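Given as structure tokens, the chain that follows is alone and in the form predicted alone.
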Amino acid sequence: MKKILYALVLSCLFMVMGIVSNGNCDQAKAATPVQKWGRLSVKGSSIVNQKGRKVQLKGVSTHGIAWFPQYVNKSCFKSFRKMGVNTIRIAFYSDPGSGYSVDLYKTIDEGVQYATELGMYVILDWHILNDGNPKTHQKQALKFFTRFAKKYKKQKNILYEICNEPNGNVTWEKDIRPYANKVIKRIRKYDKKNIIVVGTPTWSQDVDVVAEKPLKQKNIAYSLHFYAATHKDWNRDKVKKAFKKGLPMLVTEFSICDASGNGGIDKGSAGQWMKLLKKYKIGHVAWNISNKNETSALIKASCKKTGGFTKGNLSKSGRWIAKWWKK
């Protein structure tokens, strides 16, 4: 009788262990960023998850995919996810002189596929830079976002960044706001829910100006860019003012060197930036995934790999930034 009871106890114990084990496996499978947070939205001055709780996106941006398409691959994205990254930004330059080509739509689709398979968020970046004014290529922008909003409207991991860095003789009221209203209307024709990120004046620095008269649409966030060695207290003060006004911001591009993407690293200013972003729970996306011989490149210039990266493959900037992905 004792042997029978002992056997029954062992059987029950193994069953319980099996259930726990399977539960752990299920939890592990559900550990991707998108599975944990679901579709994101904007609530007040914050980006929140499907339950309305504040979240902080932590991401990496490709360089221009016309020049560095080799890093748009699943192994690359996965290696950054292992380091604590939950967001991939795909930089598609909007100016023909800077690599614009509809042939690159395939590369964007591949990037979205890999990020989606990995349960990561993906920012589709209409990368205005040399063209300065978002109105310059507005027709192309409308076609771009029509295509991708139609294709990805049902996905929960998509964010649309509609004008990377407006610059030059460009103002919020005269140029960016009317452009944004048109592009947002076009996106919302197909995708009613996913977040749209709008660039701000002066290379996406003047968030304080936008905070005085933001857009009226829902689920809109605003770009904030900084390069720590150039943008210091005066720029952080703009962020503080905008946040107090209730402006939802997302740092869709930053590095810890100067605004050229090169030069020396300013750890002091960078540390102040990261502490401020952590305090306000503002998401941040580091520039850039490449081994280009410049300070902002996240990969060592000597590293010839295009995926499977470890922290040892990262540049000095990459290693410093990576410490904040786990915090």
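None of these values were measured; they are calculated from a predicted model. Numbering starts at 1 and runs along the sequence shown.
What follows is about the form predicted in complex with a small molecule, which we do not show.
Among the candidate stretches 47 to 55, 31 to 39, 274 to 282, 290 to 298, which one is within 4.5 Å of the small molecule in the model of the complex when only heavy atoms are counted?
Answer to the contact question: 290 to 298.
Can you pick the one in L118, A141, L129, M83 that has a heavy atom within 4.5 Å of the small molecule in the model of the complex?
It is L129.
Just to confirm, with a 4.5 Å cut-off on non-hydrogen atoms, which of Y160, Y227, Y179, Y71 contacts the small molecule in the model of the complex?
In short, Y227.
When the contact criterion is heavy atoms within 4.5 Å, does G263 count as touching the small molecule in the model of the complex?
Answer no; every heavy atom of G263 is more than 4.5 Å from the small molecule in the model of the complex.
Is there a heavy atom of Y93 no more than 4.5 Å from a heavy atom of the small molecule in the model of the complex?
Taking the distances in the model of the complex, the answer for Y93 is yes, it comes within 4.5 Å of the small molecule.
Indicate whether the small molecule has at least one heavy atom within 4.5 Å of a heavy atom of N164 in the model of the complex.
The answer is yes: N164 has a heavy atom within 4.5 Å of the small molecule.
Contact flag, A259 vs the small molecule in the model of the complex, heavy atom cut 4.5 Å:
Taking the distances in the model of the complex, the answer for A259 is yes, it comes within 4.5 Å of the small molecule.
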